[in-house]
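One chain comes next, on its own, written as C-alpha cells: the form predicted on its own.
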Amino acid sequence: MKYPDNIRDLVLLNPDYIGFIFYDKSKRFVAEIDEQTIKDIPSCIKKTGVFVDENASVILDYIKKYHLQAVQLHGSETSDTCLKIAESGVEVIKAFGVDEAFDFNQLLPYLDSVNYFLFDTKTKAHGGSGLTFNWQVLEKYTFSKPYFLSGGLGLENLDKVLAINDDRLYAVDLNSCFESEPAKKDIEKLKLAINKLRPILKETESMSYNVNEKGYYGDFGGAYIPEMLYPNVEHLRKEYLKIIYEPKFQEEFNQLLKDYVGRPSPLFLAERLSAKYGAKIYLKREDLNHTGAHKINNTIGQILLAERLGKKRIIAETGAGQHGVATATVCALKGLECVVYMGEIDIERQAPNVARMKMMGATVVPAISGSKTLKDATNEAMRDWINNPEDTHYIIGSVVGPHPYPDMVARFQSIISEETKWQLKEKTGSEYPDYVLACVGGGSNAIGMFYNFLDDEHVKLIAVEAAGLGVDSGESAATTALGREGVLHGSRSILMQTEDGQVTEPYSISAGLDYPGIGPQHAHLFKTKRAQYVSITDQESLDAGLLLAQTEGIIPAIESAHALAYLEKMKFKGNETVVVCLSGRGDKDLATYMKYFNL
C-alpha cells in the first residue's frame, strides 16, 4: 500500500496484514509515508515492511520509525539476518520464488529464525508479477512451518485456493491482481475476495481472537436486542469503523488523549515489589489518567462518535463510579446532557465519585432493584435507551453489550497495550513481557491490556476475577468458575445463572467487579484457553492494595488490587517480565481500606 485514502478504505475491510514496500526498484516503493497514516491503522492489522537485501540495521530503523509489526524479506537474506530482525520482536516472513525445480531443503537453515515462509512465483524481478506458480509443487514441502501463498491470486482462481487442503497454509497475499495501478487497490474487488475466502478461515476462526464480520468471537457475541433498539444498534454497527478511522476523528481523539487525558500513561518498574516476587514487575499506570482510571479512554472515543451520529443526550451505567465520572467528564467537555445509572448500594460506598459526577452536571439515578449494583444499573440504562432511541447514545463502559460495543470499546482501550509495547521496548529491548495481568469484571481494562498481545502466544495473559468471600461461598463474582453460556445485556457470553436461567446476584467488595458476566471476547479467550482466568478474594485484594501502598507509595483501586494479589500465587524463575494493569487509583476506596485495616 502507498496512498493514504486507499489505505483508510482498506482498513474497513479488516485484513490481517497491510504491506509497505521499502525497496526503491519496486513500482510500489514507499519513499516516505505519513506518520498519521500509520497511526490510523488499527493495531489488530499488522503493519508489514517489505525489504530486498537491505542491511539489518536499516530494517531495524524502519521498524522503530513506523512501528512495524512484521517484516517480509524478499531477497537473499541469510538466516542470521532473519534472526537478528526477529530478536526485535517483529514477525519475520521470508519469501522464496518457487518453480518446478525449487529445492525446499534450502529452507532448512531458516526454520528457527523466521515465523513464516512466503511462496511466490519465481521471476527475474522480486515479486509483483501477477503470475501463478504450479501449487502442486508444494506437495514437496515437508516442514511444519506455516506459509503465505502469493503470486497471481485473483478472483478467478480463489476457488482453487479454497480447495487446498493444507493446515500449514496460513495466509494468502492479495496484491497485483487487485490493483488499478501499482500500490492502488480496487476496494470492491478486495471485498469480494475477502468474503469469498471466509470459508477457508472458518476452521481456524476459533483461534482468531478478534470479532468476525457478524459480531461474534467464536461462539460469543452478537446483538440480542429488543426491536425498538435495532435501528440504533444497526446504524452504529454500519458506521462505527468508518467514523473512528476518519483522519479528523483520529486527530481529535489522539489530541484529547494527549492533552486532556494525559497519555501516554507511565510504565513504572516497581523495584521493591519486584524484589519481593523475584521478577521485573511493571505497572501500567492507568490510575494517572485524568479522572483516575482507564475508563476515560473509551468515553473520549464514544463522545466523539456520539457527536458525529448527531446524538444530544448521553446515558451510562457505572459500578465503582469511574465510568460514570469519565462519562460526566466528557459530557461536560462537549456540553451534552448526561444521565448516569448507578446501583443504590454503589452510590453509598462510592460517595466521592457520585459527588464528582453531580459537580460536573450529571444526573445520577439510583437502581433500586435486584442487588442494587452494577447489573441493575445496566438494566436501567438499557430501559432508558429503549425509551429514548432517537436522541440518546448509550456509552457502555465495558466490553459488554450488543455488537458493536464490545469491539468498539476494545479498540478505544487498546491504547493501553499499544503504549505498553513501545514503552517496554524502550526499557527492556523487547516489546513482549512474559506475563500480562489485569482484573476482570466486564473486562475493558483487561481487553485493553491484552489487545496487542493476543496473537503473541508466548505472552501469557492472566485475567483476575473477584472471588468475593470465596468461589464456593455463595458470595462471589467469579464468572468463569461459576457461570455457563447464556445471554446477558445484549450479547451471548458466560454468566452466573441458576438452573432455570435466572441471573445470579454477584458479590465483591469491589464495586467495579461485582458483575455476573464477562464480555464476549473474554468468554472466547477463556474457552479457547488463550488467557487464564483466575480469582482473588476480598481479603487477598485488600492485602495486596495495602502492600502496594507500603512498598511503592501507590494506593490502587480495589479492582486493580485483585490483579496485584495474584502475584502471590505465581512462581517466577527470576528473570521474567510482568506487566500489571493498574486500572484505577484508590481514592474512591479509602473508606473501605480504612474500615478493613482500622486506619
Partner chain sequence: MNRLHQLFNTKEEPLLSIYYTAGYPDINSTLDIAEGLEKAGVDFIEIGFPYSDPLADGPVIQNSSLKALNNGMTLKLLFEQLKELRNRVSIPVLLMGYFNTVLQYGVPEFCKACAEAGVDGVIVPDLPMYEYEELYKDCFLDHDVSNVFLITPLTSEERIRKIDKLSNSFIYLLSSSSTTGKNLDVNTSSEAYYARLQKMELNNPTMIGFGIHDHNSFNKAAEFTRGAIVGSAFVKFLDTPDAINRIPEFVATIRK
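What you see is a predicted model; the values in this text were computed from it and never measured. Residue numbers count along the first chain shown, from 1.
Below, we refer to the form predicted together with its partner chain, which is not included among the displayed structures.
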### Query
Want to guess which of 451-459, 333-341, 405-413, 484-492 is within 4.5 Å of its partner chain in the predicted bound form, heavy atoms only?
484-492
### Message
When the contact criterion is heavy atoms within 4.5 Å, does L256 count as touching its partner chain in the predicted bound form?
### Response
no
### 4.5 Å heavy atom contact, R383 and its partner chain in the predicted bound form
yes
### Message
Check L153 for me: does it contact its partner chain in the predicted bound form (non-hydrogen atoms, 4.5 angstroms)?
### Response
no
#### Entry: Touches its partner chain in the predicted bound form: P226 (any heavy atom, 4.5 Å)
yes
### Task
With its partner chain left out of view, choose which of E100, D159, E499, D167 has a non-hydrogen atom within 4.5 angstroms of it in the predicted bound form.
E499
### Query
Within 4.5 Å of its partner chain in the predicted bound form, heavy atoms considered, which of E139, E188, E426, E390?
E390
### Task
Please state whether all three residues Y216, N379 and V503 have a non-hydrogen atom within 4.5 angstroms of its partner chain in the predicted bound form.
yes
### Query
For the stretch 231-250, which residues lie within 4.5 Å of its partner chain in the predicted bound form by non-hydrogen atom distance?
P231
